[in-house]
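One chain is shown next in structure tokens, namely the form predicted on its own.
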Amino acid sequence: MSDLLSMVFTADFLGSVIRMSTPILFVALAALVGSKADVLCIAYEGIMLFAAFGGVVGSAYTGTVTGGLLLGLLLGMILIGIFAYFVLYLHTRPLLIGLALNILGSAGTVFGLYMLTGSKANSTKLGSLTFPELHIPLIEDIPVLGTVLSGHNILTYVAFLSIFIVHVFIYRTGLGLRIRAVGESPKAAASLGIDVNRTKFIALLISGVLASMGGIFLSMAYLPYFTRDMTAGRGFIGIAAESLGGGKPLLTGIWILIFGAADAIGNLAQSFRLPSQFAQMAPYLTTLIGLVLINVFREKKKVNR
């Protein structure tokens, strides 16, 4: 155990925390934008899978990273568009259509993978491309700090920059104000001439872009190929992180780092011959503990009032 703890407090471990936090961060920010419009979307697993698959296929067939990015975003946007149309205009229950799209994401990507490669496991035969790593001048030469902050994939920096972008968007722009208005009081917003469904649709499209970026990261940065069900529950963990963060981008970012640390510890534990199931359950166990602690804190706060 002492050896495990000694490996935790290292620059390499902190760097891995940042890397593993990236896809969850994208999804958590997507869930945050959707929650501000008062729409619970649980289809992020399916969206991420389609985006990850699209990224690999697009980059393989166009020979460019940009092609992968565009196709990944397109497929993710199609799924979130389907979700938004069914929920906002056909008044389908978000839970039901969300589950359906997650199943479609899992099965549809495997079917597409088999049609293109003849394999149901991974896309290594396609020879797809990956996004480059970014080495920050000056910072990369600083001991420890350079290892932690420099040398990550460019999408990792986009993800953490998105925390501040989303914060500014939600609280400092007219569209962000309208999104919060329709989420808090649709009738009041409608009385001011705001098209409630249109605003919610736009919010969901923005959340779809963010979730798609998380999927693209998985297949074009975290791994250099697509594997079946490679999201591994990250969509749900992102939703939980947004809930624990209370809908605040900065606090959500802190929780994401906690989840990333749990994921990194789980993977590190495998080098000490601990069961692989420990790595798989670490993020979910952290989610449960976090939810319990937050609820206890909220209850105590209510009692003190």
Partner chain sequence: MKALNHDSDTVLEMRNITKIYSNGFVANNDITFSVRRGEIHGLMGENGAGKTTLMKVLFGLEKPEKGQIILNGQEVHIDNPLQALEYGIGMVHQHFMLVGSLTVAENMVLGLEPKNGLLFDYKRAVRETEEISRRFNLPIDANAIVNDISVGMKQRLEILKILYRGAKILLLDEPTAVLTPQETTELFKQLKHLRDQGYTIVFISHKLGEVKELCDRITVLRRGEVVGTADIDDVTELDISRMMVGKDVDLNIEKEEAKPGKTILRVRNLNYTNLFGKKALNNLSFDLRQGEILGVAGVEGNGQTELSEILSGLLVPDSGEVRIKGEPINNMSIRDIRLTNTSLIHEDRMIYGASADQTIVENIIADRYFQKGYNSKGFLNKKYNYDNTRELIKEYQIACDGPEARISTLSGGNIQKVVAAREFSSQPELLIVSQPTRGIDVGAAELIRQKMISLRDRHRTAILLFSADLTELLTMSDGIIVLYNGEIVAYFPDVKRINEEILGKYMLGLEKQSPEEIGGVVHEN
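As the structure is a computational prediction, the values presented were derived from the model and not from experiment. Numbering follows the first chain given and starts at 1.
Heads up, the form predicted in complex with its partner chain isn't pictured, but that's what we're talking about next.
With its partner chain left out of view, the stretch that reaches within 4.5 Å of it through heavy atoms in the predicted bound form is, among 179 to 187, 216 to 224, 71 to 79, 94 to 102, 179 to 187. Listed residues V168, A121, V144, A107 were compared with its partner chain in the predicted bound form; V168 is the one with a heavy atom within 4.5 Å. Checked against its partner chain in the predicted bound form, the residues L134, I194, L116, I139 give one hit for a heavy atom within 4.5 Å, which is I194.
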